[in-house]
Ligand SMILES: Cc1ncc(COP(=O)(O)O)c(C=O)c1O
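Take a look at this one chain, the form predicted alone, written out in structure tokens.
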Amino acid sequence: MAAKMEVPFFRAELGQAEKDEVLKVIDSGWLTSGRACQELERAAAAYLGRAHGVAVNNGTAALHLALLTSGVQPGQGVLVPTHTFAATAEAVIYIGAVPILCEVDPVTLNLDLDYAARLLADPSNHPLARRGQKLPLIAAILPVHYAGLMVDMERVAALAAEHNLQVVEDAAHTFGAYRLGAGGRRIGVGDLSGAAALSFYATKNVTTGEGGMVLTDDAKRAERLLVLRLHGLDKSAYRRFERGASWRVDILELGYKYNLADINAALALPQVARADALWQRRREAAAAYSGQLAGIPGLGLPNDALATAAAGGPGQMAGHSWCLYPVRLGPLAKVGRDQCLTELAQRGVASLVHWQPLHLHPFYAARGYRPGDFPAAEQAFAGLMSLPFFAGLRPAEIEYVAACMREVLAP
């Protein structure tokens, strides 16, 4: 075994360019939403192929506003995969709608679209309905692109058209990702939905520390998002100080304090400019992990043959944005997931779990969900863990993590 190293779960890939942009904001004297925020909106939307980007202070706010402008009404239902972070479903609750939790694919952990199709055809198939609860009218579907692998959005769009659903994407993990559609067309985030919510949290492919963005091609929706993110006001503080601008500001509707500060936006500007290079380094790190972890009994990898087949083949894996590197410990693994996490920590390797399915949390148990409702999600969760992963992960760190995994799991 190699000498002990400390390998963090994440290390931000920031350098002089980011420092220069932050200093530019400090020197300007304008720290809140202004020039840098607007530049980030233009740059991110252009890179991702969307007409509009509206920056906000976190990914949860992005989800909230994307749903709030979707047309979904209070009391209506929104399909949400049970395997997701708290923010996805809680944003549905914020608008007064009802998250209807759904099963996921046992390998990709993305929304099981066969399950969704059956549920839309007959809501009595849902576990809550089988226990006597009446499901609300399903008005929207909220796919989550887990770890950076995109859901089949062509099929989502087809289901939405058939059942008159709104589509909002939780794209927190998928900056730059794409999926190949009919005829080999690249389908990116927001191509086949009304809006997509990005996260710029510290561990994401592009980070502002804390931040997010709503992407949309709808100009009127973008205008409303700008109003909603800042107290429902018809004019931002930055615009009020433009030469010749009136002091008057009107409240158009109930809004929120969701604007992204320039000092945060500045961090991301150089990252967007080199997003292709950062993405390539993530691809290389994922390939290195795959090569060094292959063959460990009971260990499933997100880019092994099974995962590649579940994704739809190598062509679909090419568009993976590699936000995370989640591995799966199956029945043949020498130790269980929790023991593996503990032993890695003892060796200086920081690993996490993304995530416990929502229906297993007390909050959703109180809403009627029970263990056993979504067996594929539960089985996957039992062995799920995420290894250290980021663009700046060094070859020696990958080798050390792989060596530790072999030491813990190999017979």
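Residue indices: 1-based, along the sequence shown. Please read all numbers here as calculations on a predicted model, not as lab measurements.
One more form of this protein, predicted in complex with the ligand, exists but is not displayed; see below.
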### Message
Within 4.5 Å, heavy atoms only, which of S321, T84, N259, S193 is in contact with the ligand in the model of the complex?
### Response
T84
### Query
Of R282, K204, R229, R179, which residue is found within 4.5 angstroms of the ligand in the model of the complex when only non-hydrogen atoms are counted?
K204
### Query
How about W355: is it within 4.5 Å of the ligand in the model of the complex, going by heavy atoms?
yes
### Task
Check whether P326 has any heavy atom within 4.5 Å of a heavy atom of the ligand in the model of the complex, and answer yes or no.
no
### Query
Looking in the model of the complex, any heavy atom of N58 within 4.5 Å of the ligand?
yes
### Message
So in the model of the complex, is the ligand close enough to T88 to count as touching (4.5 Å, heavy atoms)?
### Response
yes
### Message
Heavy atoms within 4.5 Å of the ligand in the model of the complex: which stretch in 263 to 271, 217 to 225, 194 to 202, 115 to 123 meets that?
### Response
194 to 202
### Heavy atom contacts to the ligand in the model of the complex at 4.5 Å, residues of 170 to 190 in sequence order
D170, A172, H173
